[in-house]
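Next up, structure tokens for two forms of one chain, structure 1 and then structure 2.
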Structure 1
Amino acid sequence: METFEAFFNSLASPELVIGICTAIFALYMLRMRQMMQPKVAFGIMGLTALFFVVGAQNHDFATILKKGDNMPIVIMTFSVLFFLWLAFRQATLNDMRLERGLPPNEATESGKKVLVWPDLVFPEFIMTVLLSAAFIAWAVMVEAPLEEPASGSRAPNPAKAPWYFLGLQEMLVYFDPWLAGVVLPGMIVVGLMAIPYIDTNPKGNGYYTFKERPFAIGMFMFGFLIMWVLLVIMGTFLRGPNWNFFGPFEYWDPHKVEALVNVNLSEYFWVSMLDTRMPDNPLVRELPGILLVLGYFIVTPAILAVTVLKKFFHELGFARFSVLVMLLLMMGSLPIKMLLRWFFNLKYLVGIPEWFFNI
């Protein structure tokens, strides 16, 4: 048991957790058909369940698991694993049919009529009753995670948002609040609304497939699984007092102190590289970061339009392609900022606290 705990605690750093999960995600995308075999998929789910069962023998991990507001995360973990397998399993079966010149499975059922009543409404009603009973039993058996009234003299440590906002709270480690709490969530909502207008490719409409839409599906799943679900899990099990990173079987010591040596890009440029004092004018001081950010959002789209995304540029046109690339760059800014923080201790590319503007 000690070896088990020590092994997983040794992996408990944000760069390792996200790096390993990204590698697993890439393996899933590249070896979709092998990974979607029932024995492989259910084996992974079984190992995940075994991890929770064995890990629950540890007092500290069991304390986290038993918290009422953490139970939805455990349910979410297995729900995501199962329904991803279910969807991608149907996608791989359809891809194999299409390779043989056969229509997708959904097309063979197009002639069958399904009535709203009773074929749809009746099963939904039964599920509503069953889920209501399950939620009532849950509410009776599990103590609500209520604390004492809020007080300015005593704040909980760690002070965590509700579980469905833990992804946003994790973003606050790497971005200023106006970006992590307003701009990025807003771009997510706008991006989801813009998808039907950007992506007009008829392939994949009405049936499951992966081979016909690898880029669209891969990018969406990376954003959902790595940039959202994983951040929620990290915020639940690995972020402890003072928002420090802890191993899953490590005691949450509120006195743990981690040295923060994060510096801004302007300090690297003026002090470390040029060996001079930083200018007093904020715009001059942050000019390297401003040029870098502008280049990321102006030069990068032009490069992508003539290289790896050349096909999309011709198919979508300038306007829709520009919206698509801006959304992709906004999503890519999160892992880029994470890498800069982990490997270069970089806090902000542009830091103008005088104007409350930090990137």
Structure 2
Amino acid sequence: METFEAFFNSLASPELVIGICTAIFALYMLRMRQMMQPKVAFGIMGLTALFFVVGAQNHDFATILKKGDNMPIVIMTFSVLFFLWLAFRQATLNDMRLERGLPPNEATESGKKVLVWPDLVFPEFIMTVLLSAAFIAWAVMVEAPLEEPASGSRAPNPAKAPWYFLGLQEMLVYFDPWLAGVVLPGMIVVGLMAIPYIDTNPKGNGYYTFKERPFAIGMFMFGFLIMWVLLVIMGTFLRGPNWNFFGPFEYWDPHKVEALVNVNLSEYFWVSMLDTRMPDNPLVRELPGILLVLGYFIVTPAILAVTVLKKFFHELGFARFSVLVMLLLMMGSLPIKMLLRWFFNLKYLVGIPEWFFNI
């Protein structure tokens, strides 16, 4: 038990958790066929369940786990794993059929039409009854949490956003609120809405497949699983007082001290590299960062258009391609900023606190 706890606590840093999960995600995408074997997929689900069951023996972990409002996150963890399997299992089976020149499984039945009464209405009714029973049972067994009366002067520590916004709160570690709380969520919404118009691939419409649209699925799944679901899980179980990172079996010590060693790019540039003092004009001071950010959003699309994404540039045309790349770069900015923070202790690429303009 102690080795179990010590092992998982030793893995507890944002870079290791996100790194390991990204590696597993890459394995899922690249070795889809093997990973979607029922025994592999259910093995992973079983191990996750085992982790929760064994972990619940630990007092600190059990405290977090038993909070009523954290139950949805546990349910989310398992339902996401299960539905990933359900979707990609069907996708791999379809892909094998497509390789043999057969239509996808759905097509064998899609010509067949059935009357919705009873074939759809009855299952809907059964689902309604089952769900009603399940929710009543849940409501009887678990009381809705209620804490002390609201007080504007006594802030709890940690003060957490509702669970479905924990991904945004996690982004606050790497970006200022104007980016993490306004611009990036806005881009998520815009990006979701843009999907049907920038994905012009006519294949994979109305059936599960992976091979016919690996790029679209890979990008969407990375955004959903790593940049959203994983951050929600981390925010729930691993972020404690002062938003410090804690191991799953670690006591949430409010006095845990994290050294603030993060440095702005401008300081790296002027002080460390050029060995001069920082210019007074903020625009001059931050010029290296401003050029980098502008380059990221202006030069990278051009490079991508003639290299790795050449095919997309030709298929999509200038406008759609620009939107696609802009959205990908926006999404990529989070992992990039994470890496810069983890490996170079970089605080801001552009840091102009005078104008609240920090990137």
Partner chain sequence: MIAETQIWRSIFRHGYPSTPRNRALAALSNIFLHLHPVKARKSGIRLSFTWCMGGITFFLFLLETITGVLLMFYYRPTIEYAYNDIIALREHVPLGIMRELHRWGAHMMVLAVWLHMLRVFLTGSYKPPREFNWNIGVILLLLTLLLSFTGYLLPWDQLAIWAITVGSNMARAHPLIGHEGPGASLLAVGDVALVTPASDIRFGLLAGRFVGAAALLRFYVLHCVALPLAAGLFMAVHFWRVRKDGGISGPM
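This one's a predicted model, so the numbers in the text were calculated from it and none came from an experiment. Numbering runs along the sequence of structure 1, starting at 1. Under this definition, the rigid core comprises the largest set of C-alpha atoms superposing within 1.5 Å between the forms.
One of the two isolated chains is the form predicted alone, namely structure 1. Core-superposed comparison between structure 1 and structure 2: the CA of Glu99 stays below a 2 Å shift.
The Cα position of Glu143 differs by 2 Å or more between structure 1 and structure 2 after fitting on the rigid core. Once the rigid core is used as the reference frame, the Cα position of Phe83 differs between structure 1 and structure 2 by less than 2 Å.
Once the core of the two forms is superposed, the Cα of Asp119 has moved 3.3 Å between structure 1 and structure 2.
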